[in-house]
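Presented below, as structure tokens, is a lone chain in the form predicted alone.
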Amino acid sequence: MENRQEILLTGAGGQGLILASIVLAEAAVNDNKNVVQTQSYGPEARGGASMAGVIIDIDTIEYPEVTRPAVLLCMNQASFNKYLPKIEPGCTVIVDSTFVSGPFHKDYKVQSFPITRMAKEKLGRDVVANMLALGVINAATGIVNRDIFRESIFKLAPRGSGELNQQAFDLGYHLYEEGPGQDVGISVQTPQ
């Protein structure tokens, strides 16, 4: 891993991206890294624009805003359309194919995964798509130690949902290992 990693999580309000960025930041701190987390969202409670940035570095972070993301997550088409033109070629772009259909530019490393659909089909809850997305991101980058990440998820997940959110994170790893555009051919036990 390079010393500095900038991650931009984008989508719609209600998709849990702010919580995801807080979990990512907490996990990185617990992995002995320096972190800055920022967030921005529209006035709507659900459906408005939502963006969260996380900077992770082993050195001091002198500028607190994401300016050159190494990873861009787009959980809906509007965020894909808005943020893709603002990033530099070479950035890894992870999109939720449940809601994002492209167009995918060859200048970017676009990886398309059915994040929300898999959360709903395999875990019965699309609200954990944010943790599934974090699993995909961490599997792709190795930014944070996986066990430390899982502990942070359990600690910060809404009360009573720690195990489900950890399952979603692990499902993200499986989804990444299967490869972009693929469904996960594994069975995940749904909590009762």
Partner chain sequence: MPETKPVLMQGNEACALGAISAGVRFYAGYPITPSTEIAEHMAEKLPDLGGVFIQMEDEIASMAAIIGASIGGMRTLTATSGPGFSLKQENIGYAIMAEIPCVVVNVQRMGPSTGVPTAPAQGDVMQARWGTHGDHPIIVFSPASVYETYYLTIAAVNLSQKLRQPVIILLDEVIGHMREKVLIPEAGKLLVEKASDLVPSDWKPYDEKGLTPLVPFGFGHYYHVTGLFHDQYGFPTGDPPQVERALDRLHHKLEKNRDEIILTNYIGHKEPRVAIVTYGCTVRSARAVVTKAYWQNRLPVGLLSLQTIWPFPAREIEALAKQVDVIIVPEMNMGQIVGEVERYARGQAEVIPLNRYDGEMINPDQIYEQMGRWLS
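Keep in mind that what you see is a predicted model, and the values were worked out from it rather than measured. Numbering follows the first chain given and starts at 1.
Here the subject shifts to the form predicted together with the partner chain, a form of this protein not shown in this document.
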Inset, instruction - Would you mind picking the one in Q39, S161, T141, N145 that has a heavy atom within 4.5 Å of the partner chain in the model of the complex? - result: Q39
Legend entry - 4.5 Å heavy atom contact with the partner chain in the model of the complex for all of V71, V100 and S112: no
Legend entry - Exercise: V29 in contact with the partner chain in the model of the complex, heavy atom 4.5 Å: yes
Legend entry - Exercise: G124 in contact with the partner chain in the model of the complex, heavy atom 4.5 Å: no
Inset, instruction - Examine A25 and determine whether its closest non-hydrogen atom to the partner chain in the model of the complex is within 4.5 angstroms. - result: yes
Legend entry - Partner contact for A49 in the model of the complex: the partner chain, 4.5 angstroms, heavy atom: no
Inset, instruction - Counting only non-hydrogen atoms and a 4.5 Å cut-off, give the residues of 58-75 close to the partner chain in the model of the complex. - result: I61, E62, Y63, P64, E65, R68
